[in-house]
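Next up is one chain by itself, shown in structure tokens, the form predicted on its own.
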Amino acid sequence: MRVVIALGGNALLPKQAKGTAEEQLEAAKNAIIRIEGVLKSSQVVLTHGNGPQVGNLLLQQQGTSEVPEMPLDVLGAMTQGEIGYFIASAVSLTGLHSATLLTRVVVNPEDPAFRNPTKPIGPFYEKPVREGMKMDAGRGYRLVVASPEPLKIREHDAISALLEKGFVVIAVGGGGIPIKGSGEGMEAVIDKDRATSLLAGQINADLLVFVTSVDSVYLNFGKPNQSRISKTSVKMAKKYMEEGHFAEGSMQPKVQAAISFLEQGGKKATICSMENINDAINEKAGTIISNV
């Protein structure tokens, strides 16, 4: 079985953590221990977020004028290497071989997102410290960048080749590095759930797993009448979205990405937490979305 697992931010850097190398490595070890079984029984690609790490790099850039600032695509590449290293180190403890692949994602330079940047990233500031910063919900100024639609995972064939050779592949970190079709980097960030879904479709994965901070998808989440969705179809998932059950900044992107994967020909998508991931893969926990 070919599986793509998207590790959420909390799985690799808990909110209370400062982000030290030791903390990130320990979090990676804890995550890999939980999924060791599927890593050994299936062909697995691990994707991950990079929001806190990119934020830290932005802070470092603002802290000195001694070195030149790097553009956002380069910061994305730097964090792919950083986080990939921690995950690869953790995978090594299982006796398996892994490969961390610098992953680029083709976007359309004419995507409307470039004309209307809406994605806030990085730390908060009391006042703007660079061009492109806006007030974020009264909490402070943040850098706001474009978040274009991913069109193609440039390294998808290399990922498939590594899987066939028995490697656990760590790829599409932070949603991938946005590039033009010519290969030139773009100042943007790509939604990691959409990019992961696209990759899963391109490599013909059997299962797509989104690991998040809650154990399942819920209707009326946080209300007295909330109810867990154990299994649902693409048709019903779309209906639930239209009814406004899923928050835009949290669960909705994952449900949308799951639907996109299934509409590309995928068989099954699962949304779960790190704590119940093994049961979710075996359809005993989490939320299962399929075409039937």
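Because the structure is predicted, anything quoted here is derived from the model rather than measured. Just count from 1 along the sequence shown to find any residue number.
Keep in mind that the form predicted together with a further copy of the same chain is not shown, yet the notes after this line are about it.
S.K.: Among Phe114, Lys119 and Met135, does every residue place a heavy atom within 4.5 Å of a further copy of the same chain in the model of the complex?
M.R.: Judged in the model of the complex, none of Phe114, Lys119 and Met135 sits within 4.5 Å of a further copy of the same chain.
S.K.: Within 4.5 Å, heavy atoms only, which of Thr232, Asn56, Ser42, Gln256 is in contact with a further copy of the same chain in the model of the complex?
M.R.: When a further copy of the same chain is considered in the model of the complex, the option within 4.5 Å is Asn56.
S.K.: If the cut-off is 4.5 angstroms on heavy atoms, which of these, Val214, Leu151, Leu219, Ala158, is the one near a further copy of the same chain in the model of the complex?
M.R.: Exactly one residue meets the criterion: Ala158.
S.K.: Looking at 221-229, 42-50, 258-266, 60-68, which one sits within 4.5 Å of a further copy of the same chain in the model of the complex if you count heavy atoms only?
M.R.: That would be 60-68.
S.K.: Arg142 versus a further copy of the same chain, in the model of the complex: is there a non-hydrogen atom within 4.5 Å?
M.R.: It does not: once a further copy of the same chain is placed as it appears in the model of the complex, Arg142 has no heavy atom within 4.5 Å of it.
S.K.: Would Arg130 show up as a contact with a further copy of the same chain in the model of the complex if we use heavy atoms at 4.5 Å?
M.R.: No.
S.K.: Is Val106 close enough to a further copy of the same chain in the model of the complex to count, meaning some heavy atom within 4.5 Å?
M.R.: It does not: once a further copy of the same chain is placed as it appears in the model of the complex, Val106 has no heavy atom within 4.5 Å of it.
S.K.: Does Ile203 reach a further copy of the same chain in the model of the complex if we count a contact as any heavy atom within 4.5 Å?
M.R.: No, Ile203 stays farther than 4.5 Å from a further copy of the same chain in the model of the complex.
S.K.: For 197-215: residues with a non-hydrogen atom within 4.5 angstroms of a further copy of the same chain in the model of the complex?
M.R.: Read in sequence order, no residue approaches a further copy of the same chain (within 4.5 Å, in the model of the complex).
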